[in-house]
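Just the one chain here, the form predicted alone, laid out as structure tokens.
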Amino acid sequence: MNSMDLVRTAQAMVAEGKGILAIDESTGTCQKRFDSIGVECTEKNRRDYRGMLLTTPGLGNNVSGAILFDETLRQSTDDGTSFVSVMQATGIIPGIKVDKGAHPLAGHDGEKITEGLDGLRQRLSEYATLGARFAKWRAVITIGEGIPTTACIEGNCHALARYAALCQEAGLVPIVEPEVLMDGEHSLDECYDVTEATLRALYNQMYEQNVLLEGSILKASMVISGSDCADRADVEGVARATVECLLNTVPAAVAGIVFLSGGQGDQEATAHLDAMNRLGNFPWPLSFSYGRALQAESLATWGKDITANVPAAQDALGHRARMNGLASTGRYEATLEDS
């Protein structure tokens, strides 16, 4: 894939009214999700669940791409059709999570560094052969007493940029995800400061690693009060702080910004995205790349009867995708939740 192909793919990933479905949970995370609904976390059940999501009728109307786990990229439906082929037939671009998870950062209590650069060039080449057209790497930044440190921010951003350069070498669009965790008692202003510092460091590193920004996507966390903050900012406050932070840090050349939900409720994440898009026109599209905030109701519905409830679970996913598609253009209304 040449530079123009990277740019075209990145633009398609943030097409108007569309966002990205994140179903790249590791087996351990999937185990926790399945435990919550009383379903055994077998390879078959994971395949059936993710296949149910990917075959939702009309999903491609509001979902441009889906981030898959290694296992899912290699799986097929009961009739032998690969999930990649299913996605391609409905206009959904296949993507793949390629990092090896966040691990304790040596010498820095309470902080983590994402690993997985070793052997990444070979893994990316294989994933491209299997049909992936973009990839994702997640770093986590924790706000707490005395953290994050410069070492944590710089180390994670350097890894993100090296990953992004390797992706583009392999013909894959990189999604870079420096998640500032919502956990904690921090204020909106504290989250703003940490997010700003993280994004400045990220794009300094992206420049140093010669990453083509037009062929890349930022997966951003919103500037939001900590989940345990006593005085949490409202929807309008989150929207304004997030947009201001992004305008001060993210180059206009970036193809688009998609948000993670980061523990927000379904409708809360939708409302925040909508409020941002109502604030005006920006250099880049603002859309979604939600996991739980798209899947939660669908997962709960499916778990009640994993055979009989497939249509109802798909309806739930389709509805949330439509709501977020509207939010990505600033046309969401809470009254539509009952439609």
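Numbering starts at 1 and runs along the sequence shown. This one's a predicted model, so the numbers in the text were calculated from it and none came from an experiment.
Another form, the form predicted in complex with a small molecule, is not on view; read the next lines as being about it.
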(Q) Please pick out the stretch from 307 to 315, 289 to 297, 275 to 283, 47 to 55 that is in contact with the small molecule in the predicted complex, where contact means heavy atoms within 4.5 Å. (A) 289 to 297
Q.
Check residue 205 for me: does it contact the small molecule in the predicted complex (non-hydrogen atoms, 4.5 angstroms)?
A. no
Q. Given that the partner is absent here, does residue 262 sit within 4.5 Å of the small molecule in the predicted complex, heavy atoms only?
A. yes
**Q.** Close approach of residue 177 to the small molecule in the predicted complex, 4.5 Å, heavy atom
**A.** yes
Q. Does residue 22 reach the small molecule in the predicted complex, with heavy atoms at most 4.5 Å apart?
A. yes
Q) 186, 138, 112, 133: which sits within 4.5 Å of the small molecule in the predicted complex by any heavy atom? A) 138
